[in-house]
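As a starting point, one isolated chain is supplied in structure tokens, in the form predicted alone.
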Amino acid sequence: MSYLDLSIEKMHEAIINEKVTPEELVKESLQRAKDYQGEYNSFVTITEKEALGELTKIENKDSYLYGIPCAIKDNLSTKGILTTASSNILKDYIPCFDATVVSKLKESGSISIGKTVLDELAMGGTGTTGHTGIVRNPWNKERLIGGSSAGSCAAVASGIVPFAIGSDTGDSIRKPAIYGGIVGFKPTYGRISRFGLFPFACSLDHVGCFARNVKDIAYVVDAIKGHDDKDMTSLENDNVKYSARLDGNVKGKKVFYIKEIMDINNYEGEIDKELEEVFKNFESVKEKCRELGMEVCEESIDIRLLKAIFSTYMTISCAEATSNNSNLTGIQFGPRGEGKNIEEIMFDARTKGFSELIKRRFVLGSYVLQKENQEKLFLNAGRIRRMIVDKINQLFEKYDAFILPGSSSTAPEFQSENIDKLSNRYLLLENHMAIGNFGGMPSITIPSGKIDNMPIGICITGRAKDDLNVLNIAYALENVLGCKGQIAGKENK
């Protein structure tokens, strides 16, 4: 048995009782990172020298993260360490400051062993568009792990690190966590500072984390949450220690699921074995909720609103991304382009520096932001976003959370026709998690079972600022679903 395969809580106990040292944990984590890199491509940069150097500085032994290795998504600024956002245009960028979440991890005594691969500039859901190559799923290397926080998820799912930091703009932590058989949490908007996060879509971006169980998530969030004067959108401290308040007592809680998403008749012509198994698994999850003393109800939402989630997300996110990334010109950042004037230099740099996916999104964002299109596209998308959030908030007046499957299938194969296919299955079951980003709501995915030895899971979303409640419902469910502490290819710990 390796201590690195245990929960954060048990690792902490082992460190305090001198059964293992931080140096031993970090060195084993670094070795796994190097050993698995060729298989899964989790890392842009393995920061061995920096990690070993940080070991000599850590002090906070009271912190549960003291001496615990972690990984950080490569769109979070790290002082003196290459930070690329997995884009060619930033392939040589080394920041001069740490993101707030990175600073807080250092203060907690956690040791980062590397920067993880993402879909370029965090735009994408496959883990296949990073400039260093695709990220593979540790459960099956012929399948994707999802994105954009692909490398962070793979690093936890494979057992390299017990937790990793990611970002979530539509489902970029939670969907990979489903495919990787681990836990992914996106807190309330502003609960964790975004200072030092390369912005994708500022009104949707959240910093969050991956771990192998819900309590480990709570330990990580306790360390990195809080108000930040450098982030005007950060919330005031809630002064709640989530890890100490998890008790699994959810008796009397009321949760709902959305009828239109869970009506299999809405997927006529698209039903296969995996979809049937996902529905069957969700029935089991509902029964477990009731066994825990929760009330589970069905609620209806206009299917036109639900089908508009994807287009609304794409319109808003691409418009904001176009604006946020307008500084990536080859002048301020990135390799200098060729040309006779500024316009030609910028055109050349951006043509060579971005993948086709990114260029398409920037073209779409630019079109949406054109003066003649703002009313019918950008502003209308904002109105639909508000309609969706208002409807969910109305339901939250009588419910504590809503639950749904996190995906309509297990992780797709790389050449699957189901990736980004515009169908009812895609529009309803694959994109509903963006609701949590629209409303800045805390949202978590946990494993709920397997289909042919590949993980599936559920998503739990609650009202804004009610993070503890969401974590506690997930904690209670996790303990009865029997999928806690998974590492691909190993027994649960």
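Everything quoted here is computed from the prediction, not taken from an experiment. Don't overthink the numbering: it's just position in the shown sequence, from 1.
If you look for the form predicted together with glutamine, you will not find it shown, but the lines that follow are about it.
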query	finding
Residue contact check: Ser158 to glutamine in the predicted complex, 4.5 Å heavy atom	no
Phe402 within 4.5 Å of glutamine in the predicted complex, heavy atoms	no
Close approach of Arg361 to glutamine in the predicted complex, 4.5 Å, heavy atom	yes
Proximity of Phe195 to glutamine in the predicted complex, heavy atoms at 4.5 Å	no
In the predicted complex, segment of 87 to 95, 118 to 126, 363 to 371, 297 to 305 with a heavy atom within 4.5 Å of glutamine	118 to 126
Partner-contacting position among Tyr313, Phe163, Phe354, Tyr189 - heavy atom within 4.5 Å of glutamine in the predicted complex	Tyr313
Candidate from Gly406, Gly180, Gly170, Gly130 lying within 4.5 Å of glutamine in the predicted complex - any heavy atom	Gly170
Residues in 199 to 234 close to glutamine in the predicted complex, defined by a heavy atom within 4.5 Å, in order	Phe200
